[in-house]
Each structure stands twice: as C-alpha cells, then as structure tokens.
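Just the one chain here, the form predicted on its own, laid out as structure tokens.
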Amino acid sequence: MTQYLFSVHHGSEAYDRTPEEMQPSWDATGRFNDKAVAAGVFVFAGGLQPAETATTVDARGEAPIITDGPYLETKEWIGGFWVLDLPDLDTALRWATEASAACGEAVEVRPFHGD
C-alpha cells in the first residue's frame, strides 16, 4: 500500500462563507471521513487556517529569515488535506473524486515517497 496526500485547493472566497453555508460541505466531508475510516484507508486529515496565518521560515543562509504569510503569493492554496493508505493510483483517484465532491473543492493527489 502507498500513502497518498489529497490536498484541497481553494481561494480566499472559501473563508468568506458563513458557517451555515459551509455546513453541507462539513457534513459531506464527515461522511467521507467515516467511509475512509470504515474502509481502513484513513491515516490522517485536517483543515488549515487561512494562508495569511502562515509563517515562512527560510534557514538556507547564515541566519534564519522568518516572514509572516505564505511562501508564495497565489490565488489558491491548500486549505486542508487527507492522507489515505491505498493500493494504487487508480484507487486513489476514485477516492479523490469522492473527496472533491464532498468538500466542494479541487483535490490534488500525490503519493508519498516509498521506503
């Protein structure tokens, strides 16, 4: 089995929604999570605060540089993620299709490096 990262991509408008507007997505995502747990493929998942809450640390030089905000200025960023343990990419894409439908956002699928 391979672990896959499912990154949920969205823009700032996702944080402009009211809790009432978000509730159907949260409910659908909860059902997706329950299904993944029941199937034995769920490893970990989480939602992230908006990109402006990020802090970037660059320690490639003599002294670290710590900057408020995300590393890249983009219109979209990762708003949440899942890590699922799945047998192959085709299976991962099927699960990602359900994940995208549940959260209402695009989901990028990427395998972790193997041993």
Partner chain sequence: MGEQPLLAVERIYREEYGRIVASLVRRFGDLDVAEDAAAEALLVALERWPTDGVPPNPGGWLTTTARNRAIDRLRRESHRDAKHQAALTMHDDTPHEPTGPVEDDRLRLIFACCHPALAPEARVALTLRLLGGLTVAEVAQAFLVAETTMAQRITRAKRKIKDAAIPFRVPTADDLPTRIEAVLAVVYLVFNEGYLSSSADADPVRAELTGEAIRLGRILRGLLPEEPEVAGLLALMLLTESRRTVRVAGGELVSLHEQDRGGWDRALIAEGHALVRECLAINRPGQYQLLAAINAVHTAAPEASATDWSQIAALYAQLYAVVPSPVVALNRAVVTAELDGPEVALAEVDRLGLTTYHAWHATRADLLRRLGRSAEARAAYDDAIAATDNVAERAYLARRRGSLAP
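Residue numbers count along the first chain shown, from 1. Only a predicted model underlies this, so the values are computations on that prediction, with no experimental measurement involved.
Just so you know, the form predicted in complex with the partner chain exists too; it's not on screen, but the next bit is about it.
Among the residues V43, L89, I78, A28, the one placing a heavy atom within 4.5 Å of the partner chain in the model of the complex is L89. Interface residue remark: M22 is not counted as part of the site for the partner chain in the model of the complex, having no heavy atom within 4.5 Å. In the model of the complex, S7 stays away from the partner chain, with no heavy atom inside 4.5 Å. In the model of the complex, the partner chain sits within 4.5 Å of a heavy atom of R94.
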